[in-house]
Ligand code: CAO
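Below, in structure tokens: the form predicted on its own, a single chain.
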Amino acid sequence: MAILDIKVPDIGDFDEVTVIELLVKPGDTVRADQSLLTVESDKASMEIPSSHAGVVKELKVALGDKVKQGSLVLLLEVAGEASAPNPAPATVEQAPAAAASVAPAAAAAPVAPTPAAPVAAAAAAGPVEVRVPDIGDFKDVTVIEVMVKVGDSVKLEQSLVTVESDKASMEIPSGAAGVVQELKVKLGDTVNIGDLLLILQGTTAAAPAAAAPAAAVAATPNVPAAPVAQAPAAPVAVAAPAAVAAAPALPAHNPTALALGLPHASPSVRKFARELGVPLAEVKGTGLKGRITDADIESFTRSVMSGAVQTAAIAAQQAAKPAAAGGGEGLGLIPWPKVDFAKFGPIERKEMSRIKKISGANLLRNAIMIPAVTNHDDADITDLEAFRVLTNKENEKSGVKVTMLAFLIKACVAALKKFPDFNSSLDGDAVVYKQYYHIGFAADTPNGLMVPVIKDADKKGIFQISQEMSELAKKARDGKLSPAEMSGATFTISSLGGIGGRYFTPIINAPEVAILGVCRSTMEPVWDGKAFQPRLMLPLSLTWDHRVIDGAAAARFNVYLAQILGDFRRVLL
């Protein structure tokens, strides 16, 4: 066994970069070319690979440290290596052999004219084509963020898009100043050197072609690491001239400011976020300088999914397969039956939507883990319905249509205030009582069930709630609801009133402890002590978590809710 010094390879024309993520720890077994840490320059984050396979003996860097080419990263215990793992720096005569493996990437720009050259000759005004500059030895990099839109004014060297290879994410700067006339790329597109990004109505001549490699500096982490780690001084003599030429074009950078709100995250974190469908722009980073970490992605996912108990990684695995296809081995059950349905007749196979995959996994967990009980009751809404119809008739010109669900939300808020156990959540062995009233309502969409949330429903009137519900329901149907608009609910209402049915058993939306299901109201004969009277009755189905709520409290909640719906003046008491 021998101990090797693993050092930072050639990372381009950067004096110092910051360590923002450690991907290994002492005792870990690593493969050759496995990423060890993530560093950040002013334009890109990149992962530093290992030049050898072995076991991490000791880390020599910590989060926040500054490193550069040749800096010692860690000590690696390697089997079968020579006893002298790090020879003395190569002399001038020895340098070419080591430098040869690095020189092609650094010298790629001068070999042929960059396709961005036409931009340099653009006139002071008129359409200007902005293309992908030399981004190093990478092909088909993915556009993971578009930072401008049509109509935006951009400055020279302002970042336009963020692209990502398997080892680094990098921003592509503009070679000219002007107003964006047309975007030629979108999220998920793959681009190469020379591809057209957008068309500007130019106001300033484009930057010289030599400035194009500004983004290429980020592409160097994939340079073969082994020669560089053993003789870091050698390649510098060859690679430096091409990189130095681009240095003056680098714009000034404030590390505490994110251009156009670009989320700070390493490539591995971005990949993790994409796998879960998490919008990085809405995640608050807790790492160094606001850096988004894996833990932040997991926390965000738990919040969106109403406090999932498992990690986001497990949720992703569950979401990747239909809930019905999941086996029951983890619960000690026999495996799910595997059937070749096609042998019995024609079939059609359709993949479930991402929403159904995620919600299905969470509903399965909630149904299994929560000891749920459902109470059924009826509410007399004859007078309330008459009042609702009259209200809509008197306010036709307002354009806001009041629905029974809006009254239900206000009635539930009153009931939650009287019975605070229903507005709580379990946190380990403690019960968290919330002093706010955010009411979720289930919305049926072409892509599956979604639950928008009316925030602070106790502070809003019937008209405001009705208008907000209409707007959120439309966004849900159009697939434009943001995670923030689906999170934070303290109680949920699932209404099937527009469809039909009598009673049902809704599944609690964890970490809430109760959910109200309502079906279509029907006119029924009700005995008033003297005769049967036609009354409009609304079926109520209250499902509750028996760990927090007992049967008597649930019965009282339903009775009180029915009383409020029967005489809405009680909501003022």
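Throughout, we count residues from 1 along the sequence that is shown. Predicted, not measured: the structure shown is a model, and the values here were computed from it.
Form predicted together with the ligand: not shown, discussed below.
Judged by the 2.4 Å clash test against backbone and C-beta atoms, the pocket of this chain is open once the ligand is superposed from its pose in the predicted bound form, as not a single ligand atom violates the cut-off. Segments offered: 291-299, 140-148, 193-201, 473-481. Contacting the ligand in the predicted bound form at heavy atom distances within 4.5 Å is 473-481.
The closest non-hydrogen atom of A443 lies within 4.5 Å of the ligand in the predicted bound form. Using a 4.5 Å cutoff between non-hydrogen atoms, V154 does not count as a contact of the ligand in the predicted bound form. Residue contact with the ligand in the predicted bound form: R388 places a heavy atom within 4.5 Å of it. Among heavy atoms of G497, some come within 4.5 Å of the ligand in the predicted bound form. Only one of the listed residues (V283, A379, M469, I370) places a non-hydrogen atom within 4.5 angstroms of the ligand in the predicted bound form, and that residue is M469. For the residues Q69, S521, S541, S35, the 4.5 Å heavy atom test against the ligand in the predicted bound form is passed only by S521.
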